[in-house]
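Just so you know, structure 1 and structure 2 below are the same protein chain in two forms, each on its own as structure tokens.
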Structure 1
């Protein structure tokens, strides 16, 4: 029987006794001999997979380090790994703070416009077809505020000029008009005519609109003329009582020798259906491209794309995700998400100043000794070298939380349903409605959530209560159902206040 002091040889795997060097075979309980394990199969659990039992430990360590280096250089990295590779952000550095704020500014145009590729491709294909066939056309791009309409138009405008040069077509003339800058609605025709004939003066008896009609109706005058891409942003500012300006503008594309490629951009989703029925009868209804509100994943992707241009991480990934989730639930407005991210940087600045001031005051009073003060300084720098989730929660609370939100959340259920009905009605771009139309929307929501609706007289009375609280504006009329109703608060505040209730959240989506 082997000695108790027997030890296993690291090199051969045999059992040697403590007194002698002669190898002995181990035996089982029954007394039968047990074959020694194969030297090739026996490996220390700390050794490399490719190392043999006789490989020196230093070479194994080198091999492991080389593998770790290769794995570290793998091109597949997630956002957290990329952030770890970057140098730390110092919010106390004014240059770094300014760079972070500039990257998140609304006016900063990113190198690539993400999450709007489908809409841009549709608009681009439409413009290409117009240029290739030398045929006028009209398109209407609509969507809620902050959904990337204007930014996409700018990208399409640049891409169209590049494509025309590469494809051998004559690049179109470009005219971008923000309708809010017009002194009157008729001025848009003057700007189009000036682009056509920059130095030629027209007769005072002929209006710019009539002159444009003459140009686009005669072949001899329009021959050899380049196509003109007209982008009219904030198109709903051209809405007049008789709607003639909008009709006349889109009708320019129907004239036989028109060279206009008209793209109207507006926040009103159903503008084409409400204000252009005449054009549909003339087979001139514009192509409609709708920009939907950004989802949580899209907002997060856009924020990450903007921040990846910085050489240092600014936000914890969880903080960005919280911002994207809250903004997507409230409105899906990308401008609101950028505003929240900029405001959280100001919160970090204020917190840093407060901590520095408190430390300096304490040191002046002698509250800390020479060893404690550097430790507190280091702790402060570690805590405020990145935007945390609690910072983001504070910024979101300041942005969305308001007395209006508290008022809406404290309302009775039926008054909340009335506000929800108003939001659904006004999302199509309508500025106001009647109590009768509001009652129809209210009854539909009540039926969908199995809540017994109130009568129209009681609803009108509740509208007066909401008007007294500053949430609605109620007009005057002989009959209650004909009174005009207008929202006096932001739709995002209503959505934010009611998003915690499931059936409201489903109705507002």
Structure 2
């Protein structure tokens, strides 16, 4: 084990010393029930985790295994030891900072795609089977945004070419299209055709689709008909009103001598069922691979894997876990997790800049932080050299916090009165009202508190501003007065936001 660690640290240009005993100990602690999913495609997590200098991740693993219910008590001591013998991350160093940022950037493609092995294998098997039997086929991958669909497709594509080379099959032609970049839905056929016959100029008399059909329905004279792998990203952009394009595209794979392996990628889980009922009757329904939203553990693992490239710890393990939990609970979108991590780095940067400005203050603050965070109690670090949980909490609250209360509190007074009057109107169980009625109620309130009301024209433009801010919903109507108004925020939110102002407390009684 230490040897791997040494190799790693060597590769990252770091010198580690005196860590021989600690990793061992750690391993004994965490050698638990992590099951390396498929050691074929990537290094087992255990190995990499143990070997890497990124030791804190181990704590997380362990912690998560223990279902993370108890507080971080026992590992603390261990942690502090680790910190002491580790190379420190210096956020003040712009090079290190930018390296960390780059590792966490969306566009950085990780060398291995973790946590998607299962799906990748299924897709891979499907493609292999198709190529082996020289049979056309179709597959549909669906899943929420940010769940690694396009990334996995990219990996599969590469792996497939390698595999074909090794297995002695003719490597298939590759065509990956993002359907949003097509100017016209029919264009996809001409792109496929172009790939088929790069030289030949298509005759104008037959459409590309027709041409493709001809190719696929005739027996090819030459044996060297290559298979073609078509990856169509964002497939739902091909849905036209009569659905012909999508249908025709999948029908291509059912033709007798078709040679294309079609993989469609999209968000909608039931796209194939809804839009391709005819395929089902032909019994060539595409195989469906679903990419589930990432769970907390998976997000954590991916983040760790990305950070592994760095020779120094950037995040406190608890901070990473907090991020993973929060994102997994909200959407399971990996992009979001990455951008949260990135914004954390920016927060740290800003904090650092401040502390440079006022050194004495920052040291005081650091002391304060140490008190609040028992994890760092034993440490004597005066400056920030790791992203702590509190940083992460700030970033997460910036991302996920609903800004409604702040927005309401910062509204101009008259707009607050409008909201009040809307709340009053909807007290009686009404669901919606019109601008005209809202105006009446608003004028009543204004009169009762002796504020000169504003005109109805002004009021309707303010309603629009409020609907821009997501507080009201304004319907469509020819006349301003007749527009439907509904409240989009909870009454309680408004009451809470305005409770500090006596003026409104009376209004809302």
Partner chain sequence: MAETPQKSFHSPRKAHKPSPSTPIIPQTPQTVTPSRSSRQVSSPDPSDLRRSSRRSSLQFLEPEKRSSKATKYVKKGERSKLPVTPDVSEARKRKSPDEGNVVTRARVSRNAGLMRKKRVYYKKVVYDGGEFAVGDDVYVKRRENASSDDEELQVEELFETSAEGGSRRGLDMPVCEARKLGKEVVLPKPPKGKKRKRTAREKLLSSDLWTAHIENIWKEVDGTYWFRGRWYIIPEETAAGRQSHNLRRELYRTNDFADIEMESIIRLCYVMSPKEFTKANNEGDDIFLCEYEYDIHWHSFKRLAEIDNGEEGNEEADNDVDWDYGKDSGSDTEEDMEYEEENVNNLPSGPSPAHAVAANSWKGRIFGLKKIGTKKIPGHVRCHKQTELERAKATLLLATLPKSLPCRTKEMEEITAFIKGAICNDQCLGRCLYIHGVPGTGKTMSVLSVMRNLRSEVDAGSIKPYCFVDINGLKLASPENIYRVIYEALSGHRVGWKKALHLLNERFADESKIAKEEIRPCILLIDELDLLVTRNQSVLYNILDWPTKPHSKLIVIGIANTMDLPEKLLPRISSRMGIQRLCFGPYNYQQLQEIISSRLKGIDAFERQAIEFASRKVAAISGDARRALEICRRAAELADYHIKKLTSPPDSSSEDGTLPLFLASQTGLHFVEKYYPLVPKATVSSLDGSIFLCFPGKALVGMAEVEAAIQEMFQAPQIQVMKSSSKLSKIFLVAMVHELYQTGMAETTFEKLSVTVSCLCTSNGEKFPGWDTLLRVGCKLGECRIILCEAGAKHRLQKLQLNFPSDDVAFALKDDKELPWLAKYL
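Since we're looking at a predicted model, the values are computed, not measured. Residue numbers count along the first chain shown, from 1. Each form is matched to the other, and the largest set of C-alpha atoms that superpose within 1.5 Å is called the rigid core.
Exercise for the section: Return 1 or 2 according to which structure is the form predicted alone. Expected result: The chain shown as structure 1 is the form predicted alone.
Exercise for the section: Determine whether the C-alpha of residue 436 shifts by 2 Å or more between the two structures once the rigid core is superposed. Expected result: Where the cores coincide, residue 436 still shows a C-alpha shift between the two structures that is 2 Å or more.
Problem - Rigid core fit then residue 403 CA moved by 2 Å or more between the two structures - result: Yes, the C-alpha moves 2 Å or more.
Handout entry: Rotation (degrees) of the smaller of two rigid parts between the two structures, from C-alpha fits
Key = So the smaller rigid part is rotated by 104 degrees.
Practice task
May I ask for the C-alpha shift of residue 478 between the two structures, in Å, based on superposition of the rigid core?
Solution key: Spelling it out: core superposed, C-alpha of residue 478 shifted, distance 16.9 Å.
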